[in-house]
Ligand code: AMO
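As a starting point, one isolated chain is supplied in structure tokens, in the form predicted alone.
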Amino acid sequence: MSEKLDELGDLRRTHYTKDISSDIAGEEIVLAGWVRNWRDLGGLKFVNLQDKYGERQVTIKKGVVSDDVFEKAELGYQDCIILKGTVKAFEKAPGGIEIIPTELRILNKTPEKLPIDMTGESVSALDLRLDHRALDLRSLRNQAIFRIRGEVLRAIREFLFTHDFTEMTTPKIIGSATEGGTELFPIMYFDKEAFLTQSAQLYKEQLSGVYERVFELSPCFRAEKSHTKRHLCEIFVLDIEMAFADMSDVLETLENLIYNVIKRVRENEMESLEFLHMEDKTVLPEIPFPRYKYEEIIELINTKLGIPLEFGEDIPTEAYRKLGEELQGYYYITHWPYEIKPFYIQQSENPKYSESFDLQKGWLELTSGGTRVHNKNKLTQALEDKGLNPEAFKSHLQTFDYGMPPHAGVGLGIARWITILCGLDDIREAVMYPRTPDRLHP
């Protein structure tokens, strides 16, 4: 096998695999991509060429193609190639179409043995795949996952734009804790300590006093040493904030967003859902979503599920898993105890409770949100009550001097939602390059 590589030269792709159909049979086209699979039957060779949209069969028959093309077609798995050829309708080929090449250029080669299986015949262990992530992401399974992710992000933006939201961009380097927590990554910012942001919370509140309805899709960073299949240290979050609104407005907006995004995924990525065997599971939910107060859920967990919990306790994973057997769809848990919520969450009329909620899908928490405190004096008092120093939040508190409107919002973890939509077992599969306590590379 010759290791001599070709130059790209003046050859340029004219079509993606998705564009190749019987409608263009007889046309000359140029395809580029990678060798997903190949068979050498002596005088007949079959190559499955894969690009970002799928694959097509290239048929290389001695006497039909030139000797140069036939001899050059000594290929290996994942070799990078570009070829010119003619589209031919052939019923027995995958998709009823094959390409007969007239020119083949090998742009790069791969080792004879790849570190992970790329044929689709088996699935290598996740940690091994993550060690070779750029290669792993070419798999048809990952292509389906990230096509769905792309559609989710596009549909979120389109839904929010049509509902008068403005997209915002907030800093990821901050001078103090956003929510008063300790799970922050410290960094040196010139000659002083700073942190990677754990939330866009304070900025989106401030911007709701400018643009009224704002959203951001961006990373946040949590220094949690959690070794579970649902936690990451770098998360990608949809943050929403709405002025002249309270929790009820956010609940309605969020459930409509969820419904519309799933609708779009089903309309535009059904093939990906089918590849993942999720076409009958990722279905349109009924709206409005069921709403249960925290105390109702605690009562259910105590009496029906047999797990003793007291008012004021967070719900443990074991209880959530059993709860997910009872409540398998999307549902809200509202009015959590005020004492366990962040300082910016507003108390209910009964100060024992807060105007807050979580959105669940079965046992998995997707969002947390609620009505915010918009009165500066009450917010300052809330900081003190939570054991935080108002001086550390001076610049944030200052914005409440300028007519801050009543507002409410929510944050939704995109990767967690993708695990549900795609039926994944581990959240790391929903991230191109996941960051966990054990993984900083690649």
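Residue positions are given as counts along the sequence shown, with the first one as 1. All of these numbers come straight from a predicted model, not from anything done at the bench.
What follows is about the form predicted together with the ligand, which we do not show.
If the cut-off is 4.5 angstroms on heavy atoms, which of these, Asn268, Ser348, Asn302, Ser368, is the one near the ligand in the predicted bound form?
None of the others qualify; the residue that does is Ser368.
Of Asp79, Asp239, Glu151, Glu98, which one comes within 4.5 Å of the ligand in the predicted bound form, counting heavy atoms only?
It is Asp239 that has a heavy atom within 4.5 Å of the partner.
Which one, 256 to 264, 131 to 139, 229 to 237, 113 to 121, holds residues whose non-hydrogen atoms are within 4.5 Å of the ligand in the predicted bound form?
Only one stretch passes the 4.5 Å heavy-atom test: 229 to 237.
Looking in the predicted bound form, is the ligand within 4.5 angstroms of a heavy atom from every one of Lys204, Val410 and Gly413?
Each of the three qualifies.
So in the predicted bound form, does any heavy atom of Arg222 sit within 4.5 Å of the ligand?
The answer is yes: Arg222 has a heavy atom within 4.5 Å of the ligand.
Would Ile427 count as a contact of the ligand in the predicted bound form, using a 4.5 angstroms cut-off between non-hydrogen atoms?
Because a heavy atom of Ile427 falls inside 4.5 Å of the ligand in the predicted bound form, the answer is yes.
Residue-level contact is defined here as any heavy atom of the residue lying within 4.5 Å of the ligand in the predicted bound form; does Trp363 satisfy this criterion?
Trp363 lies outside the contact set for the ligand.
Is Thr197 one of the residues lying within 4.5 Å of the ligand in the predicted bound form, judged by heavy atom distances?
No, no contact at 4.5 Å.
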